[in-house]
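Shown here is one chain on its own, the form predicted alone, set out as structure tokens.
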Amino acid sequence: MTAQLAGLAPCTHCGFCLQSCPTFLVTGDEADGPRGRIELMREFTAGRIPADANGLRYHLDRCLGCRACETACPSGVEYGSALEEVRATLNADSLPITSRIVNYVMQDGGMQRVTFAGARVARAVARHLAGPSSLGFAWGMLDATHATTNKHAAHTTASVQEPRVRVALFTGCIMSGLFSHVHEATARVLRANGVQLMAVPGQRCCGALHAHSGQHADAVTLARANVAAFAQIPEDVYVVANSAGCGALLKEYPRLLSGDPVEEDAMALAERTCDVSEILVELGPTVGGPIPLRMAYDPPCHLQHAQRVTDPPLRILESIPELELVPHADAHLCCGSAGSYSLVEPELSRSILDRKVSTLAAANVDVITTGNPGCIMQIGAGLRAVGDDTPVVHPVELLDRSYAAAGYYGSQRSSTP
């Protein structure tokens, strides 16, 4: 038994995980909950049920991989890594065509550029086409990628007088393709906190979509490329991610590349990788101007459950004067995005999202913030589907707006590393 599958051994079937599992809460089916899926994985890896057994792939494919069960588990079951390994066995040659297309686009640089260029053109009309239908929901996801705050600062930057620390920004694929405004806001905010930014050529997609869907070889290829790229920069430079999914996998590269010739470099990269909220809390953050809004924070699953980073995002948001943080009931639950999950399991994904949208709507806020691109798109589309135009933004966008209000930015044109 591999180390990943051995991580399932502590499961005692106590059931504490069930109320944290979005799919179980929707379906009520034990096989759509963590302990049911653990039994399926145990039986499969022990050879007691075949790969084509009725219900095996069905119930495992319906798992979001949100890892909320790991946070809830009192026994320390390592569910996520085991799920990835079993999926790698099951899906090596039979991944759904939608997932294959998405994974191919994210792996091929040329296809990425063409796809995202087309998406940026299309989103100019997305707001007029968003709605509750499946097609309207897809347009709503695209519309949610618009920059919604601090547009007046788009061509400004903060200068670093005396750098306190140096960082390299992990640029990713979806973040670069559709959320370049978040990268620009991140660069401004970091510089305003005394950070010197370094560009790192040769970066690729982090490989999270590939790893989570069972495309292990493709995930390894992308991980090796990123390890090599970041191995070129000095050891004292932090690697900062502003996408929860990317940051989670970067920190797990040592597991993904266990036994690989670059494992040691992967460990070095993981050790100096942090979420943007973590570095900002370590540095302060600098207090900006007031933003008199009511705000709900929805923690991304791969920040709160995979990385176990829960306090830093709240700390940076609480540093903004007059920004009122409004709690909502289902902050611990996944929104149903989960990489390409909303594309391959649209019906269940929407059912999970409906609960999230209802609790956020009940909070009666002016803005919603979350630190992952998929979550921004999913929640944004869900709100638009019910006629709610509440903006969904990244936390650094709010901090960026606060800094602009305080007059921290100069007039130079910005550049994203």
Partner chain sequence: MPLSPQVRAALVRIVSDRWVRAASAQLETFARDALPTARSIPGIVVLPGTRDEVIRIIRLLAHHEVPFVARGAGTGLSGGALANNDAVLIALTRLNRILEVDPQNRLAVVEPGVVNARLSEAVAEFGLLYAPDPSSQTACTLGGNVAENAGGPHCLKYGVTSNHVLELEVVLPDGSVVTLGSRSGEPWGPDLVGLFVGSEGMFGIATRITVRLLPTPPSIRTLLADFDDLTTAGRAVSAIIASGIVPAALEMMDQVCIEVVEASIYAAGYPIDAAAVLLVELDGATDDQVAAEGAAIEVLLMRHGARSVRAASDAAERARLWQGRKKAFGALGRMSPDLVVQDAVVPRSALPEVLDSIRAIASHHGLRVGNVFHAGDGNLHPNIGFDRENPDEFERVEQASAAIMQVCIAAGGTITGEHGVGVDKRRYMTDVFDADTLDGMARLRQAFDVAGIANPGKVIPTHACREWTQGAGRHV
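Residue numbers count along the first chain shown, from 1. Quantities reported herein were computed from a predicted structural model and do not represent experimental measurements.
As for the form predicted together with the partner chain, it is not shown, yet the points below apply to it.
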Q. Every residue in 40, 73 and 355 with a non-hydrogen atom within 4.5 Å of the partner chain in the model of the complex?
A. yes
Q. Does residue 367 make contact with the partner chain in the model of the complex, using a 4.5 Å heavy atom cut-off?
A. no
Q. Is there a heavy atom of residue 404 lying 4.5 Å or less from a heavy atom of the partner chain in the model of the complex?
A. no
Q: Check whether residue 359 has any heavy atom within 4.5 Å of a heavy atom of the partner chain in the model of the complex, and answer yes or no.
A: no
Q) Though only this chain appears here, would residue 56 touch the partner chain in the model of the complex if you measure heavy atom gaps against 4.5 Å? A) yes
Q: Could you tell me which of 388 to 396, 374 to 382, 43 to 51, 359 to 367 sits within 4.5 Å of the partner chain in the model of the complex, going by non-hydrogen atoms?
A: 43 to 51
Q.
Counting any non-hydrogen atom inside 4.5 Å, which residue from 127, 113, 315, 308 sits next to the partner chain in the model of the complex?
A. 308
Q: Sort through 330, 278, 252, 84 and report the residue having a heavy atom within 4.5 Å of the partner chain in the model of the complex.
A: 330
